[in-house]
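Next up, structure tokens for two forms of one chain, structure 1 and then structure 2.
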Structure 1
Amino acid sequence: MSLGGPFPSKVLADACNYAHRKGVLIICAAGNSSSSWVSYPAAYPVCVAVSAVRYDKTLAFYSNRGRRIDIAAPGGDMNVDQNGDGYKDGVLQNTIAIRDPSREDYSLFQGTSMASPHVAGSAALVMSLGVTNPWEVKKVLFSTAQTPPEERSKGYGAGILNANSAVQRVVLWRGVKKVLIALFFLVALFLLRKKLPRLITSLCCGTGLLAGSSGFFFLPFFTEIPAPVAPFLTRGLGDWDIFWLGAQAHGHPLFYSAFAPLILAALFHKWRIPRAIVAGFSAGVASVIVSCLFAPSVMGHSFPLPIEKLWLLVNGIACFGLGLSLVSKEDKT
């Protein structure tokens, strides 16, 4: 929200609280009056107050500051050319043409109104990776912010926004966590089978395990992934709903169920290698579903909490049982 004013408003406060309860992360410009107070709605506790920094990462002269600031981001300074590119250090944005609203144009601007969209865009990146709870998104952005060149009390909040670090933190932390849980489930499959599988079966199960739980999340660190396949190749099944339905619909019951493993098993159960991949995939999906039993609600927009937990339990057991039945067929082929 690149807007604000000096006075609070009950209507505005109620609107922000309502949006926050609905899972919206509200990111606001802190104001451009060079003062120690923060404008509204940025000043409300449910909102993220964003101050502005220049190219050299120092606080911009116009930016509001103080301890109520949550985070700082690039806002520009049209009085200098610190990067030496021959242009004033504004933030280039697409908007209506100056003095001619019938046309659009690209223009340089400065202000906390330019800084807050940087934070909003970074939050959208984090949410696109599966972290959709507003408090968790804020935690990621704040914990990965760069240390400012001056004291935090001067108006940087948690620090200066670092979108790259935020994305890497989410990708690595969530990916490694999901793989470790999934490996536990895969070991359980092999132990219940009471016989070590052949090497090719183990490799195929491992491949399916990654695909079902975390996806091949590490690939973007080594090579560029084509955009059309990236969401499916680098994410587990539980995060595919973000691509299809958007971050606000994350936790769709269909993607936290045995539906996909059952379809794949019906199609490929007759062939050894595909069957092993599907077995691992089922174990990977089971690990994600069961781990959600011990987390806050992931399907709150679909079911009441008791029904959600029952759904997760039944489908987690179904996925694991399916994986066990598929890997057990190795003895009969």
Structure 2
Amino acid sequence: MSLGGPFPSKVLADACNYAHRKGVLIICAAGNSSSSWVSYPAAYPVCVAVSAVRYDKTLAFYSNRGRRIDIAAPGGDMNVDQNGDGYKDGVLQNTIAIRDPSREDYSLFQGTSMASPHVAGSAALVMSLGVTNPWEVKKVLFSTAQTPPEERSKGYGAGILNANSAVQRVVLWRGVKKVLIALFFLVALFLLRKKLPRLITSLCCGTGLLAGSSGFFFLPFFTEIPAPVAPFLTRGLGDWDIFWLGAQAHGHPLFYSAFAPLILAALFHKWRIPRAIVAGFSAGVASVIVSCLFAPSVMGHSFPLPIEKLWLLVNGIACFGLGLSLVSKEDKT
């Protein structure tokens, strides 16, 4: 929210608390009076207060500052041209024209109002990767913020926003954690089967496992993936609901169920190689579903309702059972 005032308001505080309870991450401009207070709503504890820095990463002259700032982001400084591009260092944006709301225009602006959307946009990027819990999103943004040139307490909060680091952190760390948990499930599968798999079977299982849990998240670091397939290749089944239904629908019961593994098993259980892939896929989906129950911070998404937890438990067991029956089938044939 790029607005504010110096006085608290019960209506506004209630609205912010309500939104926060509903899982909204509220990001607000800290204010432009160069003072050490923070304007409302930014000052409410549920809101993230954003101060503004200029090109050289120092606080912009107008920005509010002090210990109550949560994070800093680019807000522009129209008195300087530090990047030497021949223009004042404002934030270029497309909005209604100044003094003529009937027209739109591209203009340079400065203000904490320009800083706050940088943080909101970065939060949206993180959420688009499946980390939707506001507390987790905040943690990612704050922990990847850049070290400021001065003491943080002067008005940088956690530091200066770094969208690239935030996204990389989520892609890499969340991916690695998901793979490790999924591998644990696959090993459990083979331990229960009491027989070591053949190399080709384990490779197929591993491929399916990745598709069901983390996706091939590491591929973009090595090669360019064509845009239409990238989301489905680089993300596990549990994140596919984001592309089809949007980040708000993340955690859709159909994507967090035994539905997809069951259909694939029905189609492919007759052939050895596809069967091994589907077995791994089932174990991968099981690992994601069960992690949502027991390690929600790894997934970054919460399922608060008891009915959701029950759904996850039943489907997690079903997926794992399906995987087990598929790998055991090989012994009989």
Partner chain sequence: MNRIKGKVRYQDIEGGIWLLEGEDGVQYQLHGGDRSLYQDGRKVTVQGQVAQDMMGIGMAGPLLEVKSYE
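Numbers given to residues start at 1 and step along the sequence of structure 1. Rigid core (definition): largest C-alpha set, two forms, superposition within 1.5 Å. Note that this is a predicted model, so its numbers are computed, not measured.
- Structures 1 and 2, same chain in two forms; the form predicted in complex with the partner chain is found in structure 2.
- After superposition on the rigid core, displacement of the C-alpha of Asn94 between structures 1 and 2 stays below 2 Å.
- Core-superposed comparison between structures 1 and 2: the C-alpha position of Thr223 differs by no less than 2 Å.
- Core-aligned CA deviation for Asp70 between structures 1 and 2: less than 2 Å.
- CA movement of Lys309 between structures 1 and 2 equals 2.5 Å, with the two forms superposed on the rigid core.
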